[in-house]
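Two forms, one protein chain; structure tokens for each follow separately as structure 1 and structure 2.
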Structure 1
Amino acid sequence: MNRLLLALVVALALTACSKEEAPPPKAAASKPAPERAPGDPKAGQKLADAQCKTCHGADGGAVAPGIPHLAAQRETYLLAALKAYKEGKRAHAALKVIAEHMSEADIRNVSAYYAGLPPVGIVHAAKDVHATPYERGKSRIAACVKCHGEDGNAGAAGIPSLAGQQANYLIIALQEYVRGERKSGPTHSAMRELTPVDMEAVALYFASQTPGQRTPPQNVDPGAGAQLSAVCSGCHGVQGIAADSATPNLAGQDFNYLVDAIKAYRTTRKREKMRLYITGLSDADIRNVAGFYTMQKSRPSERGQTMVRDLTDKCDRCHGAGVELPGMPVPKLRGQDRDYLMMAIRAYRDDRRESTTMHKMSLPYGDSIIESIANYYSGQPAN
């Protein structure tokens, strides 16, 4: 009996749920059965050439962006992925049909084949790909710096500083300007050229800057302001630094801007909650509370410059080279197709692909950060 046939017979004998129930061969009984039958890479190659090559390439490197490379992927993960498609746990129309037609032995063989191939080379990133969302944000602010400052610290009275501001609040503000929901002059027309990913990146860039210290404004009573701020602190934080990233920090903000902004909630700015809290304030109260917040020390609310590195360090606790987690098949990410990685992470985040672990991991991240993580991993040599 040739090796291929022998492997097939042994494999069949060990798969209880296989359709073709073959009687166990005598030879198999003499040896203790292994935990899992090893796949036969040669048989796997035959199947791959016939059914997978058109998409996953002759060398296990994907033929188009958005398709995962399979070469050198972990065998345990490939097995788990194909089973997940077969059982409908992972939704993908084509792969479900393909996997349904594969026997358990086919799955083992093809997994062994792809896992044994050398990794594909790195495809170099396109021109407009920035290493981090921070870099991308920095490249999109040319139209903003004359008013808001290169580092987000505005110089002129009445113009808000963006340095250290909460990232999600900035994103909301940008979207409201673009949609015309927040009143503004022609000053913000350049924002219309920003894509949603750019907006996130610009927000992250400014949020990561260090706010400067303000000089005390004239003719205000910050002590009285501190007392008035008690009702504000539940949302804006005791010292004007909000705990929630969608609520703006007020600490270190420009005095005139704060006065204007508070008054704007009486008229043009629509936010019922804010209106409720400021209706009782006199003009003098507004100046005092604004004065109190202006003098509070602020700090960066994000760490954009190091964020992607910090994050991938976290990811590598499971996805790192040589990390083996018993009972948890973890895929390799280094050298994987960039578009596929972005799609996969977004699918976990948006609950379109099932994995409690990965859903939790990806939930906090916007598309610009996901893009940067994908840039990072796709640009690393496969391990």
Structure 2
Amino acid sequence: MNRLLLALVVALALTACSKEEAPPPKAAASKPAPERAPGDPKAGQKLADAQCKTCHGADGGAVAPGIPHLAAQRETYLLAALKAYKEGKRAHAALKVIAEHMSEADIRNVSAYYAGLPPVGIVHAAKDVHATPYERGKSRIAACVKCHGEDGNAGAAGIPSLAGQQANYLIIALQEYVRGERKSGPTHSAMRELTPVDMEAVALYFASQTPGQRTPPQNVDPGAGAQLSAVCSGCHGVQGIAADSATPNLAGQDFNYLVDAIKAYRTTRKREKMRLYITGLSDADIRNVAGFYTMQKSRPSERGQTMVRDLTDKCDRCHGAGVELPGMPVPKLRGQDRDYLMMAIRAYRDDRRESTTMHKMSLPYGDSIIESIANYYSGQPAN
């Protein structure tokens, strides 16, 4: 635009126009954003000694599990956290009262004080606690392998394979056996010894195994079964691999097990939509549907072997050492208290702490995975 105006001025001058062209008005310079007044660490120390050190220690280190270390934390994050408590966006009765009585200067001062402290040492938990969910699951499958195989590929007819099955579906199934909602045998009693975190780990282990390819069942018509499975595909996928992790994969499953399971919806299994559809199928139809799904190629539904590493690599994009995101109050995680990290991630997952991004990222993960992420970061040197 300025070049166009300049060309017009030159053109008028060349035609001996006696009237001078006024120069174009300059754009008003934008005012820089006011800088935040720096905090006073000495004033912050006085406030911390009076209000904070009972829980966060004289050196900024937590005095008990579940309390965060504040020493060497990013100042921008500390400021944002205190303001969130002050405004009621974070739920903690004591901190809310303390923050409500702090002025803006107090918040800046105490944040500057803790940010300027050297990192505190870390306390390593027991070795077993640091195992990944995959490793934990592998150590707790002894009662399962007798029937389902060490890699989840059952060898006996009528026994379901667990390899590659959806993890959430396996967790639901384990819980139903424990509650007596599924027909169970003597071997299922071992499930009662599993904690909820153990169940998640066992499910993740089997979900990460590679399903084997099945031999074609006898006296079935897979083509007819494919046509009849059109209704099933809405939940179980066109090829028998479900998109929803709480819905079981049918691809590559044992033929006899599928036949028995489908027939059970006529009588004992309680899924009304399934019952309505199955009631209209003949025994031959059911065999054909089962034969179709048995011959489909399946795959692992999870990557438990590398899941924790993959997730912490993603976390490090924002929380990694040396990473600074302008305008985003992101905390350091390395060397942080393990129990506090677990509580915080669960709060984001369960939508009890305000952050849309963190809620979406943590929503898919159970406590076993959250525990492993917390174990990893709490075991790293603070920086």
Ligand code: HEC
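Fair warning: this is a prediction, and the values are worked out from it, not measured in the lab. By convention here, residues take numbers in order along the sequence of structure 1, the first being 1. Definition used throughout: the rigid core is the maximal C-alpha set that superposes within 1.5 Å between two forms.
- Where the criterion is the form predicted together with the ligand, structure 1 meets it and its counterpart does not.
- Annotation: Cα of Gly88 displaced by at least 2 Å between the two structures, core superposition.
- With the core held fixed, Glu193 shows a CA shift below 2 Å between the two structures.
- After superposition on the rigid core, the Cα of Ser111 moves by 2 Å or more between the two structures.
- Shown is the Cα shift of Ala58 between the two structures after rigid core superposition, which amounts to 2.9 Å.
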